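Here you get one chain, nothing else, as structure tokens; it is the form predicted on its own.
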Amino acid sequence: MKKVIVLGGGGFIGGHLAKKLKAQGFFVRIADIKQHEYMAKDEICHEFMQCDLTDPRAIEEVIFEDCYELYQLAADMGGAGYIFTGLNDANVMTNSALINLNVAKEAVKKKVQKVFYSSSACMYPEHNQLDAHNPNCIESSAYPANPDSEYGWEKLFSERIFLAYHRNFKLNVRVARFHNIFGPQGTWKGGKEKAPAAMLRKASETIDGGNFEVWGDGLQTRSFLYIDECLDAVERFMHTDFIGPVNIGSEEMVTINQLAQMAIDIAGKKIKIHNIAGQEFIDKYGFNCPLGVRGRRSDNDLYRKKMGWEVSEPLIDGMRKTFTWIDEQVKKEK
């Protein structure tokens, strides 16, 4: 039984990834500062080590000598309300960078056969994403660097860490840039949730005939990839010799208002969208509206060329499946 490690397996993507690897017959060890909120340990792994991965002693204990694959998804992150307010910048940069420095060093020491690093589309330059209808997220557009958040700067720095360890120490790495992965069994409330979960929760919670908030004018654009598609893309990537960086996302782009309306339609309700920004937002929340870039969409040309993969289902299908789960969570809390 080949042994794999999933760092950050207590999180949304990491939990789903660990569950899939376990089902495929791998021995799976998860390490995270927290246990998975919605999946039982025996469902997703053989061993769960709850520890602080910013501590190099924890990394030393977690990574064993005969590791076949290591998936590094552990990071200090969240949705727009966490990343773009500026209130969490020091923790985001420090915690995530420490984890990646520790992992790269220990993976070389323990001779890990292959390391996957999950970067983010947030590392792309802000100046290439000012046009909501024509964002440029081609992998080669990363430089000159100008991410719009400290989270993005840290992701770019950590990409360079793993690629430097590949050049200097022959660490066998795969670097992917995730574009807004969503689905069930993930954060759906509390400020760290991503846009699809937030819209679906609001659609579930809001009474028929009511209204819910959408931050900004709602005309900013994004693409979103369902978790099962993401895991398929990761698996294909790991089975090639290409090291990346490469985008993993969807090319189906929608405005945030369109995403909100999609959630409303799935819920089968008549709900009005209330866009909130500017002084109204400041008066209510006490800080500027955190929006991120105007437009972002995955460009999958490089992935198609290297791995021959295409997204197989439209956004609406993944949103329906995710709504079913979130609606259940909302009802449980009533």
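Residue indices: 1-based, along the sequence shown. All values reported here derive from a predicted model rather than from experimental measurement.
Absent from the display: the form predicted in complex with nicotinamide-adenine-dinucleotide (NAD). The rest refers to it.
Asker: Only one of these stretches, 69-77, 260-268, 136-144, 232-240, has heavy atoms within 4.5 Å of nicotinamide-adenine-dinucleotide (NAD) in the predicted complex; which one is it?
Answerer: Checking each option against the 4.5 Å cut-off leaves 69-77.
Asker: Please check if residue 151 has a heavy atom lying within 4.5 Å of any heavy atom of nicotinamide-adenine-dinucleotide (NAD) in the predicted complex.
Answerer: Heavy-atom contact with nicotinamide-adenine-dinucleotide (NAD) at 4.5 Å: present for residue 151.
Asker: Report yes if any heavy atom of residue 323 sits within 4.5 Å of a heavy atom of nicotinamide-adenine-dinucleotide (NAD) in the predicted complex; otherwise report no.
Answerer: So residue 323 does not count as contacting nicotinamide-adenine-dinucleotide (NAD).
Asker: Going by a heavy atom distance of 4.5 Å, is residue 118 a contact of nicotinamide-adenine-dinucleotide (NAD) in the predicted complex?
Answerer: Heavy-atom contact with nicotinamide-adenine-dinucleotide (NAD) at 4.5 Å: present for residue 118.
Asker: Although the partner isn't part of this model, could you tell me whether residue 275 comes within 4.5 Å of nicotinamide-adenine-dinucleotide (NAD) in the predicted complex, counting any heavy atom of the residue?
Answerer: The answer is no: residue 275 has no heavy atom within 4.5 Å of nicotinamide-adenine-dinucleotide (NAD).
Asker: Under a 4.5 angstroms heavy atom criterion, identify the one residue in 33, 39, 291, 302 near nicotinamide-adenine-dinucleotide (NAD) in the predicted complex.
Answerer: After the contact test, the surviving option is 33.
Asker: Looking at 99, 198, 112, 173, which has any heavy atom no more than 4.5 Å from nicotinamide-adenine-dinucleotide (NAD) in the predicted complex?
Answerer: Looking at the other structure, the residue within range turns out to be 99.
Asker: What residues, if any, in 35-54 have a non-hydrogen atom within 4.5 angstroms of nicotinamide-adenine-dinucleotide (NAD) in the predicted complex?
Answerer: Those in contact are 51, 52, 53, 54.
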